[in-house]
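What follows is a single chain, given as structure tokens, in the form predicted alone.
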Amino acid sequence: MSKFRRKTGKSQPAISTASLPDIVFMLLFFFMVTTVMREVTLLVQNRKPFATEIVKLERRSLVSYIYIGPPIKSLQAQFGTEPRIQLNDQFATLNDIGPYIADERERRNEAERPLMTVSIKADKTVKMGLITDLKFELRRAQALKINYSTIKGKPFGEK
């Protein structure tokens, strides 16, 4: 009798699936942390103008956005084609700027309020008169740090 025997019908052991739930939860956690949810649904067209001297904002959590532009195609039958102001998810008038800025200040920490910046995201077809009126209302609301959102580059046709 031999000391070592050959086993017949030798099969591979099953793959362990004990760590599979851990891997799935790690992937789920990764995507939850890295995904950025859009906070505002745009109701206006927002084709940004070009600029050559651009500075990136440091802390985006301190920025409040005001969108200006003509309503999107699906809302033009209801609101027309004239440029409108959008605050959060609704259209607004110039009279709504003061309460909006006050509300945005109240949401911020006391120490961060002086650092709050208002970013104007205006469509490139908006006339400067509406933006000037908006800036006047921002000045009345004591929102003096203003930023204009643009795209880096030169306008079409310039060298």
Partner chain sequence: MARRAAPEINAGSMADIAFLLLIFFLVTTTMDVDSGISRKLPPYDEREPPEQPPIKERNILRVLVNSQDLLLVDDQYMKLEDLKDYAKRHISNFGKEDNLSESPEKHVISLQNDRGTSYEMYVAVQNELTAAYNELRDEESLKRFGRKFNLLTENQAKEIADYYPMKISEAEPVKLK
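Nothing here was measured: the structure is a model prediction, and the numbers come from that model. Just so we're on the same page, rigid core means the largest C-alpha set that superposes within 1.5 Å between forms. Positions refer to the first chain, counted from 1.
Below: the form predicted together with its partner chain, not depicted.
Residue contact check for A111: none of its heavy atoms lie within 4.5 Å of its partner chain in the predicted bound form. Using a 4.5 Å cutoff between non-hydrogen atoms, D133 counts as a contact of its partner chain in the predicted bound form. Contact annotation: S11 falls outside 4.5 Å of its partner chain in the predicted bound form, judged by heavy atom distances. Proximity of A102 to its partner chain in the predicted bound form falls outside the 4.5 Å heavy atom cutoff. Contacts between stretch 129-153 and its partner chain, counted in the predicted bound form as any heavy atom lying within 4.5 Å, involve G129, L130, I131, T132, D133, K135, F136, L138, R139, R140, Q142, A143, L144, K145, I146, N147, Y148, S149, T150, listed in sequence order. Comparing the forms between this form and the one not shown, the C-alpha position of S19 differs by 2 angstroms or more, with the core used for superposition. Fitting the two forms on the rigid core leaves the C-alpha of A111 displaced by under 2 angstroms between this form and the one not shown. After superposing the rigid core, the Cα of L28 is displaced by 2 Å or more between this form and the one not shown.
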